[in-house]
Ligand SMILES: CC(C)(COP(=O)(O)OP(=O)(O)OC[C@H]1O[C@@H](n2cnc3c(N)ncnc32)[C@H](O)[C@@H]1OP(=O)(O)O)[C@@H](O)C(=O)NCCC(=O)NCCS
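As structure tokens, one chain now follows by itself in the form predicted alone.
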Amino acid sequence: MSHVPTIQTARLTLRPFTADDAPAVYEYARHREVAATTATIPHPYSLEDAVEWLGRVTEHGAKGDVHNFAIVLRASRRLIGAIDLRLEPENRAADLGYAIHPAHWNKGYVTEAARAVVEHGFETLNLNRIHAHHFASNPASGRIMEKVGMKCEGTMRQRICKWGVMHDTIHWAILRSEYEERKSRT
């Protein structure tokens, strides 16, 4: 059984993944430009990769150590991406990650999903810190992190090797106290 709830936002449903989601996962993850923005998505990406990934998502969801949400457009019920919190219970912290179909970039969907998942992390999971990182070559991801209230904590030079190229990563975080302060202003 998954520990992941379903969360509704203005335009999105964030819900647990199911085995039936493999074709939709393949549809967004197969794009080279999506893989290029993440440390873990390979390219080329196959339907079998999606099935295998969903198996891991189900396993982690059952254990409760990752809250992985399918990003679904409410109007069309179309799955367009994923967002997750990888929990570090001993530190009351989590790492936020996401990927979305390129046709839906620059429409505010990831920011909307990230706000809801950050709220879930602090309000439901009682976290003290949520952190994230992105490749320096992907500043749009940094803008998302800034919009959800994260503060830039620095750059790790040549932190990740992707396709034989070393990438700097930019690291961000929001603390519970910062989240509560933002919440009290809205």
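Just so it is clear, the model here is predicted, and its values are computed rather than measured. All residue numbers refer to positions in the sequence shown, first residue = 1.
The same protein also exists as the form predicted together with the ligand; that form is not shown, yet it is the one meant from here on.
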Based on heavy atom distances of at most 4.5 Å to the ligand in the model of the complex, which listed stretch, 152 to 160, 136 to 144, 121 to 129, 59 to 67, is the contact stretch?
-> 136 to 144
Counting non-hydrogen atoms within 4.5 angstroms of the ligand in the model of the complex, say which of A116, L87, A99, L79 makes the cut.
-> A99
With the cut-off set at 4.5 Å between non-hydrogen atoms, does V110 touch the ligand in the model of the complex?
-> yes
Counting only non-hydrogen atoms and a 4.5 angstroms cut-off, does E52 reach the ligand in the model of the complex?
-> no
Even though the ligand is not shown here, does E33 get within 4.5 Å of it in the model of the complex, heavy atoms only?
-> yes
Using the partner position in the model of the complex, report whether N106 sits within 4.5 Å of the ligand, counting heavy atoms only.
-> yes
Counting only non-hydrogen atoms and a 4.5 Å cut-off, give the residues of 35 to 49 close to the ligand in the model of the complex.
-> T37, T38
